[in-house]
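First, one chain by itself in C-alpha cells, the form predicted alone.
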Amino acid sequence: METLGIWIGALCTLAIFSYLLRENPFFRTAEHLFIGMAAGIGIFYGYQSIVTNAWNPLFNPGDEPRQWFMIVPLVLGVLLYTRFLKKGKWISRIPLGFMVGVGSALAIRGVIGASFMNQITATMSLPLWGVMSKFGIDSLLFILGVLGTLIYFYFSREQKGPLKVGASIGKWVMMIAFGASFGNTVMARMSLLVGRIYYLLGEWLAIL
C-alpha cells in the first residue's frame, strides 16, 4: 500500500506538471481529484466539528451539564448541508451569511489591532539610541519609512514641497516592501517545487 501511494502521488505530480506544456486531460483529472478530495475532507471535518462542539455537549455531556445554547450552532451547522438539495439550497445561505459576518468582524478587529494599533505602538516605542549603531540609524530609517508611507496616502493637500519628498520616500518604501513580499512568495513556491522534485527523484525513482 505504501508503494501504491508513492506511485499515485508521483503520477498526480507529473499530471500537474504537464500543465506547463498545455492544458490536457491528465491535468484536469488530477485537478478534479484534488478538488474532490479537498471538498470531501472539508465535509468530514465539518461533520466532526458539529459532533464534537455541538452534538456531544448537548446530548452526550457525560459528567458535565447539558449546554442547551449549543442547539443554535448545531442547527446552523446542519443547515449548511442543505446546499446539496435542489429546492432548498437557498437555506444554506442563512448560516453561511452568519459565518461570513462573524468572520469579517473578527478579521477587521484583528487587522485593526495587529496591522494598525500595534504597528503605531511599535514605531513610537523604537529607541533612537544604541540599537544597532551608536545613533540608532535603523530606527530612524524605520520611522522615516513609516512617515513617508503615511504622507503618500495623505490626499487632503497637494503633494508638493516637503509633502512631495515624503510621498516619494513612502512610494519607494512600499515598492521595497512589495518586492520583499513577492520574493518571499517566490521562495515559498520554489520550496514547494523542490519538495515535489525530491519526492519524484527520491521516494519514487530512488535516485537521491
Partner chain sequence: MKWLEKLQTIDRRIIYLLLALSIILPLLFPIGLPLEISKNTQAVYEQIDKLPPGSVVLVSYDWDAASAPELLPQAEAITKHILEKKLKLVAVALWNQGATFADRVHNSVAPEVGAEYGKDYVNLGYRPGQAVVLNSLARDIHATFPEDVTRTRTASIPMMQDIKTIEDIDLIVCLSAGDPGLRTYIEQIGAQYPVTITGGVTAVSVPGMLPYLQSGDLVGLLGGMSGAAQYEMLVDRPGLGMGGMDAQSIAHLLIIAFIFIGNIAYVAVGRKKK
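Positions refer to the first chain, counted from 1. Predicted model only: the values in this text are computed from it and were never measured. Rigid core: the largest C-alpha set superposing within 1.5 Å between the two forms.
This next part talks about the form predicted together with the partner chain, which is not shown.
S.K.: I'd like to check something about residue 41: if you look in the model of the complex, is any of its heavy atoms closer than or equal to 4.5 Å to a heavy atom of the partner chain?
M.R.: Yes - in the model of the complex, heavy atoms of residue 41 and the partner chain come within 4.5 Å of each other.
S.K.: Within a 4.5 Å heavy atom cut-off, is residue 59 in contact with the partner chain in the model of the complex?
M.R.: So residue 59 does not count as contacting the partner chain.
S.K.: Which residues, if any, of 193-208 lie within 4.5 Å of the partner chain in the model of the complex when only heavy atoms count?
M.R.: Those in contact are 193, 194, 195, 197, 198, 201, 207, 208.
S.K.: Classify residue 40 as shifted (yes) or not shifted (no) between this form and the one not shown, where shifted means its C-alpha moves by 2 Å or more with the rigid core superposed.
M.R.: Comparing forms between this form and the one not shown, the residue 40 CA shifts below 2 Å.
S.K.: When the rigid core is used for the superposition, does residue 181 move between this form and the one not shown (threshold: C-alpha shift of 2 Å or more)?
M.R.: After core superposition, the displacement of the residue 181 C-alpha between this form and the one not shown reaches the 2 Å mark, so yes.
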